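In structure tokens, the next block holds one chain alone, the form predicted on its own.
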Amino acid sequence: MLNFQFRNPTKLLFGKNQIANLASEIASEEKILVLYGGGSIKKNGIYDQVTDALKNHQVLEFGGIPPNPEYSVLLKALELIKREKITFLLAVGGGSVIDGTKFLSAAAAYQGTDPWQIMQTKKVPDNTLPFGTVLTLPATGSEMNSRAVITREDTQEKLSIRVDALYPRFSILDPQVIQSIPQNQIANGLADSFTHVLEQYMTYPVAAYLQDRIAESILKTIIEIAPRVMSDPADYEAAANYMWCCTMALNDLIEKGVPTDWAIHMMGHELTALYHIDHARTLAILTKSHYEYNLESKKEKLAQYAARVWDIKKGSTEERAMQGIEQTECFFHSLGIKTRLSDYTPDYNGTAEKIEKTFLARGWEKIGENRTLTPGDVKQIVAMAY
């Protein structure tokens, strides 16, 4: 097992009707900006619950944060934050709203002329605005980590940041919200969280027995509850396990003491920037080709995954590894998620070359758990996913 440090300061309030406890988490003197997405929270009752819980606080709101939070939209929210002297941010939404709020937490204290430099330099001011979250769409784990991914349309960039200052103060997770989520978004959340685990697990063995078992248990639980939550989002037991899996998949726990990959995410972000494909679906597009291309370096963990998660115990290491890859793709298909780039756009020719050039321009010359994948390798992996 590798050396590690572990600290996660986010407080969770999990279970039914936890939004009612919101007021006790934010001091009465704070001036709050509630941030949300397209307005679905005003249709499913979550907005009313939040408003009622904060009826004795000073509250303003900013809606319209899109999926893959767009920089130009966030700048409008930033203007409001500065003009109204907001002191606390509350994200009410899924990963996009929470990621956007994390960026705004840093940007509100930024003293330069171009807040995009926060994403480019991966540095944030010391005096970030405090923020909390009310999770409405389980998927990204952003409610309990310090990561954020922001999109900039005018430059076709999608950049990530990870800084300790961007942990939420608290996050409220009520599984009852899942019953109002469209089925395609539930499928995205299942695929996203599944891949989050794979990116931290599917590398090479380092005798981190507990970490492996925790990762495998999350994967097995996602597989088990997926058909239930897809067919009946009002099934509270399934919904609760689904929501907790999404949080546990990326709250920093299972990455400790092990090597991590994240190449699939780095490539997938480029597909979203180019074609506006849902983030989770870009991961599904690239998973099979990434693991097949890197079979030699990943075959031991792939074979372990096949045995422990899919109960595939016959055959050579390579054969079991390949079966594990096939089962993963079948799982994505069971969610109704297509796994070829050509399923999403007719303009995929030349995509691999574009992404190779982007990686070269950013200096991303060595990625993956072994830091051996070059932009040339990335080009081949993306081309294999056509």
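Source: prediction; values computed, not measured. One-based numbering along the sequence shown.
The same protein also has a form predicted together with another copy of the chain, omitted here; what follows describes it.
Proximity of residue 364 to another copy of the chain in the predicted bound form falls outside the 4.5 Å heavy atom cutoff. Heavy atoms of residue 128 never reach within 4.5 Å of another copy of the chain in the predicted bound form, leaving it off the interface. In the predicted bound form, at least one heavy atom of residue 224 sits within 4.5 Å of a heavy atom of another copy of the chain. Residue contact with another copy of the chain in the predicted bound form: residue 260 places no heavy atom within 4.5 Å of it. Only one of 216 to 224, 190 to 198, 98 to 106, 118 to 126 places residue heavy atoms within 4.5 angstroms of another copy of the chain in the predicted bound form, namely 216 to 224.
Checked against another copy of the chain in the predicted bound form, the candidates 165, 248, 159, 277 yield a single residue with a heavy atom inside 4.5 Å, and that residue is 248. Between another copy of the chain and the residues 78, 312, 253, 295, the one pair within 4.5 Å by heavy atoms in the predicted bound form involves 253. For the candidate spot formed by 47, 61 and 338, no residue has a non-hydrogen atom within 4.5 angstroms of another copy of the chain in the predicted bound form. Residues of 202 to 218 placing a heavy atom within 4.5 Å of another copy of the chain in the predicted bound form, in sequence order: 207, 208, 209, 210, 211, 213, 214, 217, 218.
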